[in-house]
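One chain is shown next in structure tokens, namely the form predicted alone.
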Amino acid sequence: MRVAIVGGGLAGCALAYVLKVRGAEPVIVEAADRLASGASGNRIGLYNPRFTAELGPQGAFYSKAFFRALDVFGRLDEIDWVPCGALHLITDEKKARRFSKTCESWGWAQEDMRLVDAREASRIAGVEITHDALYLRRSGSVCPEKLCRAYADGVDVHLNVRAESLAQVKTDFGADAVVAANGLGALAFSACTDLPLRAVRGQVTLVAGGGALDGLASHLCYGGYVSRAVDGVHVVGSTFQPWLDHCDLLEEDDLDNLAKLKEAVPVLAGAEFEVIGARAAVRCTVKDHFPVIGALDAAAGYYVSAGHGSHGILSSLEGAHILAGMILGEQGDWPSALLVALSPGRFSTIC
């Protein structure tokens, strides 16, 4: 089966990878002159599940996505995979309650997910931490841009091609099915105009390694995040600005990112950081914080994978497996409640 995929970011490239592994013939159609030109082009991307207190459809989706990603990352070369672990700092009572329930309901082995006190968190992090934390030993980071290239290795890729409609793409590329995986660009297609996709701008700050962050051994998440150094660079992020839709770099955003880091890790309060760069991008999100994955019109062969937001490294890959199963007519083991929760049709019931 030949499947045309509109979009060369994480959603499109992950789907191409899964389809190729399953013996299908994917084709990536990308409007820009390179893969991962938009929100998927970050230098360092942390992969963590979106935590839920109960293991409902969303929790089950992200839990399964996490372990699937570990398996896939181990098979790919040159993606800057750093499985150094991540500490999710418990900075308020709401997080304390949610993380405690997550540990109870998700059923992960203690070696993969556990609550640690501030003393143990400090030992793991390599810097003094004043908060208790939820620790994921096998969390880490990849380079999303390199991950997209690895996914697309051996796939037929067409750059600088602007898709006018799903029907046109299907015809032009002789496809049996076509998938809108181009984020907010999907709204230009008539089959997607009713999807409540929205733009959220985020800017990350690149900081030179060493100095106050010297010795940081794991990623830290606290609403914002700071990565362990990769090739001598830490990434500190990210702003969350649904009122902005541009990618211009803002100096005040770098200051905001660093201020949040110092607030979360007080030992860094007086530290000076060498800012060596920044990157801003507009992510595609959905109000209910769950991606849109499924059939737009199964009879016509139109599908969508969009709205992955800040957890796209995991959700794009798990979503690719779900969508590939739908397109190829393969029976998956995903519960019907999950498929309904991801479906673009779920919005028709919202008043």
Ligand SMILES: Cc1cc2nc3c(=O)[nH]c(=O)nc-3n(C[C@H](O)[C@H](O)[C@H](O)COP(=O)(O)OP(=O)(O)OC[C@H]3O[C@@H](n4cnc5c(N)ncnc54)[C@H](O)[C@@H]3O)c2cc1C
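Residue numbers here begin at 1 and follow the sequence given. Not measured: the values here are computed from a predicted model.
Another form, the form predicted together with the ligand, is not on view; read the next lines as being about it.
Engineer: Counting only non-hydrogen atoms, choose the one of 295-303, 52-60, 65-73, 310-318 that falls within 4.5 Å of the ligand in the predicted complex.
Structural biologist: It is 310-318 that comes within 4.5 Å of the partner.
Engineer: Does any heavy atom of residue 162 come within 4.5 Å of a heavy atom of the ligand in the predicted complex?
Structural biologist: Yes - in the predicted complex, heavy atoms of residue 162 and the ligand come within 4.5 Å of each other.
Engineer: In the predicted complex, is there a heavy atom of the ligand that lies within 4.5 Å of any heavy atom of residue 45, even though the partner is absent here?
Structural biologist: It does: once the ligand is placed as it appears in the predicted complex, residue 45 has a heavy atom within 4.5 Å of it.
Engineer: Please check if residue 218 has a heavy atom lying within 4.5 Å of any heavy atom of the ligand in the predicted complex.
Structural biologist: Taking the distances in the predicted complex, the answer for residue 218 is no, it never comes within 4.5 Å of the ligand.
Engineer: Heavy atom to heavy atom, is residue 38 within 4.5 Å of the ligand in the predicted complex?
Structural biologist: Residue 38: yes, in contact with the ligand in the predicted complex.
Engineer: 322, 27, 286, 31: which sits within 4.5 Å of the ligand in the predicted complex by any heavy atom?
Structural biologist: Checking each option against the ligand in the predicted complex, the one that comes within 4.5 Å is 31.
Engineer: Would you kindly say which of 113, 204, 86, 213 lies with a heavy atom within 4.5 Å of the ligand in the predicted complex?
Structural biologist: The option sitting close enough to the partner is 204.
Engineer: Going by the ligand in the predicted complex, which residues of 1-19 come within 4.5 Å of it through any heavy atom?
Structural biologist: Heavy-atom contacts to the ligand in the predicted complex: 6, 7, 8, 9, 10, 11, 12.
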